[in-house]
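In the structure tokens that follow, the same protein chain appears in two forms, which are kept apart as structure 1 and structure 2.
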Structure 1
């Protein structure tokens, strides 16, 4: 088979696109850059505004929720005002200042008369928009524009805009909405940044101090408190990467203005340069340009969002880190700012270097003590195998109930996936673009993730307040040569069940590609049902058991906690304590081989039951289900293998190399032994003790396997390079 692989190598060279081979990020760097530039961005903005400048201002009376005409029109107008101000600052051409002034005056004419929005949301409604979050975003844009053009306005025009628009809106967002303004939350970040920028724009330090320190200026709320509370010391944002990128824009834009006006605050040095760490952490939490979709996340969001484009440009101005240039290259867009122009110029000058993607642990919580997001990368190539272990805290109201859940990526694609959020953002026909009912009912429930479910009940019984008080206990995080591994445990997700999970990427000559070892154990003294879902992405190819499919009729898998949304499409029993499922995604095969208790059910499901409005995506999964009186152990090997090429019509190594996976234990010491069909044996020793000098031993098939330290990789006998 390997000879055939070699013979076909030349063929594969001519079919990179069809074969799915990815060129690594370092190879993609070039001194010749042919993508978008700042100058092309500037030209596009000029053309866009030129088409609008002679048209009358259209300021509709607020009516529609998110996605509706009035909502989108006001958003578009705020962008026009912002861009006009930036173009004036960049070019000095007064026509742009005149256009921005015209729109600002038009809004000043009507804004004071607007009551609360008729489609106001259930929390913190706005006047121009259905929620005041959008009002904050509007003010953040227009206050920057006003600061740029105010010297071109008459005193009468300034008084009109400042009194009837900027102050009126800032007062509404601060004193008029204290529940949002003083909240440690991304909505609070947008509100404080918008009001603070307004204060700088109109020269009113009262607004600035309220923004920095809270309405009473005590420091118990406000922008500085949010910098302390919302980020961990590693720069991880409590709500996850989707909301981290959203919050980054007000954080960095307002901080930049604070640095210009109040340099004595040393805002970018605060908490050991926490904002720079946060920008780096946001970038680290992407794969293939898209953010890890944990918690309430729209899966289409990625590093090209304007929030992070601003963040990367500002970070590059402050740090000169050339790795950020390759990120900007991948973003493929620029903002109308001087720092974005500098990024573009340095990319064109060939100064880009590959961004340093790492195997990394991001501690969660303001002190970094509330769990962590653990990211294991097989190599520096950002398109290579990546494992994300979600050992984080709950993530506030946007958090999902998936303690120690798992995501896997390979070849630029999501392989073992997370559902993300049930939402059609700004699609008015789908609940006005708001989070759907199914977000709480399915997407947040534990069974919608690759996490252990006990008795068909979600972690913390689906109670956010309880979840926010409990985080996993972290084990040792290890990145050493051929072994990258993390462990976490939790005792509070269920009343009488504690469980832990160890996930590792290992490299050994027995396998052509790196493989993943996943050990999930639950401990209890009472009987329970244990479900471990794997939400795979691809087409089932083969199993080691005979499937019994429900060909003519389907029923939901359960009636609550998300189970009611899963069709039961097939089931079977694992064979002699082994479950093996192979699926194909594009050009590569993947096999999950699991050591399971005897009589374990393997249930195949598909999302879509009890969904008459087609609000959910139809995604497949299979679930390992055991009923045990004394806890359970699932030891799985995730194996990428082979190649399928329909273009030149060949298939290589479509069958798994794994013959067996066995799990042994001795007290707190664990051993997972993997035997290949060719007789090679690879083993992983795991201990709950972090002491690197402490010895451990587990007997397997009459042989004692010993090691020191929390983990040890026993390479196959033929392996020499990097052997422990």
Structure 2
């Protein structure tokens, strides 16, 4: 299939029947929350502050880079100042204001004398910290605290703090650091938010205007520009959710203050409510509480992060959407803010409702035209089957080379995995906690993903600049309940190979659970090797070919582009154009049945070769491998089935129901036909044409299968006959 619809708007969603999923029972128990509350958060903050308030203030002269003592001490002080200010605001107890004031004055004593940091980074250096990003974060905290407590200070104290700390720092971050302040980048958001909050705190509108409109107040830079540029129209952030939640913080904190002080700006309405969309998009991009780990992502990072706790509370304040309460329950954390208190109270009052998890396309890029992150959910239940199709653009320097890679989740767990970043955050023994060498060498490479690799070479030959210039071309995104489906293609990942991928979640009574259909096609007129890896999570149970893992030796699968990190564990041949692999994860079986070319190899791998320091996790995969002179087609069915229940000692349906998967073509039209062992037939028609009225026909085994529109699900006969 070639996609004919390059002009199709990236965010178009065609709903044939209804765009909503039918949910019979709410997936989250909302009325029985028993976790932490705002009150318990407040109590522990009080206890924490109490322990600090009696101790003398320690304000060390800046010396260490990130992670070092002076760095961490100033970070900790800014948190103390912030929390003391919030505690004063929430409780009215003057001891907290006094403590915040004492620390602010102590900083005002010394800050003016600090030149650039001795360990300064070359670009965007700070004075208190090695980079001014941390200085922005400091000012964001302390300016909020100052606003809360300034009424408790003498005029003299106010003058001193404003002049020697807040203005000095705000000037340094604005006029003193124009390259950061005026940059459309998340560091710029932090700087403008910090300076703008300072303006509100001390009542100087000049800072506010510079923050909103850039140093020259022209609007070519500044916070409003960043709102226009950093998120796609759907609220997607180019680098992915792991970085999105980091970028969110200054946006929501400052916007809230803008709304309070300049309601006429209607900041939360701007760009079709882009900030609310961004918060929603961040939540939508989680499974089991953790973000989809595309690109450079620490996999443990999820919705419970501070940024998103603030974000959810502010969004709830603005929208009253009770679905956010169930997200807050999952977060299980609260902030020292009135909004967070409200969230906690409403949870305790039993107002939570299930969050509206959606099957949704997030257009990527400033205009939403540079690819998309496509999320297909079998239902609104957040623990149900989910497929993420990474049809996004490269995502800058933190991007991974997996065009149209897949992530699959089910029953609350990763089933087809993305490795995420090779990094142990802040763990000194692991390269100081930075990205490891293996991040570039393995984790970013295409073979580390569930994405097509041609000739053992990564997409764009691993060149991030080329990648940034070439997003996938999107096909139609479609959700009609029993069929949720998306398509994308790319011609620029390889010199003379174009490829496309169609992924669908299908519901049909021939299968006990929803299944996934995955069609990968590559087009070329020259011979190539095509590898399609499936990084499965689980234990191999059975295959339709003879398994014969190497008994006495192992060697790496290749010597470059990430292949050198994979042990070749077994090498088998698909049988008569069919590969079938069943694995078990916890209580459920999963079978991937693939229609493949004759003589396709099925290679089993494990991560761990060329890893002398045990830097990589040991994860298994199998790879479909063909050498073909005229392109390739892999059509796979991913089938969750059965139950392994050792508690009650039964096992159901450990075998796949799929007897065969066949792939038929007619010009640009495709048909995948799935036959079950009991003789039921389910088929999926795919055309590259978005025209809903256009007819298509493919002959399958002598029978013409006809439909209109871009996609069509041919239900099994019993399904068609019976009630849905």
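What you see is a predicted model, and the numbers here were worked out from it, not measured in a lab. Here the rigid core means the biggest group of C-alpha atoms that line up within 1.5 Å when the two forms are laid on top of each other. Numbering follows the first chain given and starts at 1.
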Choose the one of the two that is the form predicted together with another copy of the chain. 2
Does residue 681 shift between structure 1 and structure 2 by 2 angstroms or more at the C-alpha, the core having been superposed? no
With both forms fitted on the core, give yes or no for whether the Cα of residue 56 moves by 2 angstroms or more between structure 1 and structure 2. yes
With both forms fitted on the core, give yes or no for whether the Cα of residue 545 moves by 2 angstroms or more between structure 1 and structure 2. no
Per-residue Cα shift, residue 114, between structure 1 and structure 2 [Å; core superposed]: 6.7
What is the Cα shift of residue 139 between structure 1 and structure 2 once the core is superposed, in angstrom? 3.6
